[in-house]
Ligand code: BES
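Just one chain is shown here, as structure tokens, and it is the form predicted on its own.
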Amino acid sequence: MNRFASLSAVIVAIVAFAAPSPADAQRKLEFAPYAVPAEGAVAVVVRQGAPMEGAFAEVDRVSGGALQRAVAAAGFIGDRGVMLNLPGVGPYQQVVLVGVGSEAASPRLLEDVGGLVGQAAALSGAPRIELLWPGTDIAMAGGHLAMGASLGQYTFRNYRTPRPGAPVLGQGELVLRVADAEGARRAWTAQWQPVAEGVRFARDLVTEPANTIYPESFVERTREAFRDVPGVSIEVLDVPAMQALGMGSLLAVGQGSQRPPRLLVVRYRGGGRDEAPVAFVGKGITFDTGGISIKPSLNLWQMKYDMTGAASVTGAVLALAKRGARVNAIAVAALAENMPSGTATRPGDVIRTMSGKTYEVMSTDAEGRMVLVDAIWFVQQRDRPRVVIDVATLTGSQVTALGDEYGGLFTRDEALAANLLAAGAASGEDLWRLPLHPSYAKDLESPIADLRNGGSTARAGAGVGAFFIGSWVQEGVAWAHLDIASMAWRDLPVLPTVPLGASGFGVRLLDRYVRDHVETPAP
């Protein structure tokens, strides 16, 4: 059950939705020493029971008791994740209250607080909102608050036409008042802003429609994002290059579209010269009709986000490179558009992959695993990674099994499983481990090829898909498959750091995995 909810009993009056340009759609984050302003717009953290303490008590004193009366009238008691947005409290234009329950402060809690304030800030016309955090018990508290605020206030307004005379919302400053303002600024700039930028990069790509994001334009957006970032090289394989390597599987998915497929490889070298890299491989189906095995029309528009895996792994390496992580890391984006046409792959076709292994196509709508196996084989052959983690919106079965609370984790490596589960809990992008049962091999048997690309039954679809992908992982390589079909796009209820729409799921998770379990410690 989602722990977070929005309290809308009292909310700032908003009469229209403004549409600032993409360049100024997010408030600028600033840092200042802790102090309680005498007016303006403020955001205050409240423990369970709404005790008269800290910033809450100080703001109530300045307001002449008006804040406490408003809280009592609304029945707000500070439950974790519940937010109360109050206009016109004494001398304050706006007071945003964020409940934190009875839990002790933690980085994840701070990011959730910042996220809720960021969501409120995105809908506020106040030119300046000040978040008050008097605590000193969490190192880099301001950096975590800023991280949450940046993610929570994310909006995508590129295609909205501004309404003449409409109030301008979500612009100006969001000031974080913390005990160590300068330390918070340094932590934000060096450690957490790059991660927020990686998430924004992924969310922007996923939100864009498929007539603007396709394999070639994905590549160009990535080149622009990594421009002038140190330690990065980019390799792009076009159709002739993939044909020369025998990548029949990735090519088979893209051959029905006028948009040619691409394999994008971003290499970041921040670790030792001889250090084996970690490789993140993402499914990049820029639009998925299902091909000849065509999908029904209901919610087909959502299939623009079938490239979330590719966007997230690329965003994760962008975050690592921008923060100068001490690791060698690779993002591989397997990019194709899956369309039906006279040149499209058919059910029953037999495909030969780069590895030489063959499979029989049971469904052209099982295209994610098809592009991934060539991409995984390529990075193993070229880069000899110590770890391979693939990320994909792979199956509806994962949605049925886990809903929108967890991504599905499949791996045979116990240490990798433990590290990824811990990274998910720390980052707020939770995973749940699912089985890779040996019986799934039987489901993938083909009478005419080495495998089939789908099971012979409708059972355990997520596990069978993962088992298929794992058949291309070389012995001795630690591998995990993340099925994030239910996590790529957020509908109600939203999360503190994930507003409606594209989540960028995987960027924070992979950054945290590297940060906590892979990265070489600083000297």
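As the structure is a computational prediction, the values presented were derived from the model and not from experiment. So that the term is clear: the rigid core is the largest set of C-alpha atoms that superpose within 1.5 Å between two forms. We number the residues from 1 along the sequence you see.
Below, we refer to the form predicted in complex with the named molecule, which is not included among the displayed structures.
> Are all three residues M303, S363 and E367 in contact with the named molecule in the predicted bound form, where contact means a non-hydrogen atom within 4.5 Å?
Every residue of the candidate spot has a heavy atom within 4.5 Å of the named molecule in the predicted bound form.
> Quick one: does A480 come within 4.5 Å of the named molecule in the predicted bound form, counting heavy atoms only?
Although the named molecule is absent here, A480 would stay clear of it in the predicted bound form, with no heavy atoms inside 4.5 Å.
> Quick one: is K295 in contact with the named molecule in the predicted bound form, heavy atoms, 4.5 Å cut-off?
So K295 counts as contacting the named molecule.
> Indicate whether T393 is a 4.5 Å heavy atom neighbour of the named molecule in the predicted bound form.
T393: contacts the named molecule in the predicted bound form.
> In the predicted bound form, does D288 have a heavy atom within 4.5 Å of the named molecule?
Yes, D288 sits close enough to the named molecule in the predicted bound form that at least one of its heavy atoms falls within 4.5 Å.
> Could you spot which one of S397, S217, S355, S257 gets a heavy atom to within 4.5 Å of the named molecule in the predicted bound form?
After the contact test, the surviving option is S397.
> Considering A485, I469, A41, V59, which brings a non-hydrogen atom within 4.5 Å of the named molecule in the predicted bound form?
By the 4.5 Å heavy-atom cutoff, the listed residue in contact is A485.
> Among 425-433, 206-214, 303-311, 96-104, which stretch sits within 4.5 Å of the named molecule in the predicted bound form, heavy atoms only?
After filtering at 4.5 Å, what remains is 303-311.
> Answer yes if the CA of S456 moves 2 Å or more between this form and the one not shown after aligning the rigid core, and no otherwise.
After core superposition, the C-alpha of S456 moves 2 Å or more between this form and the one not shown.
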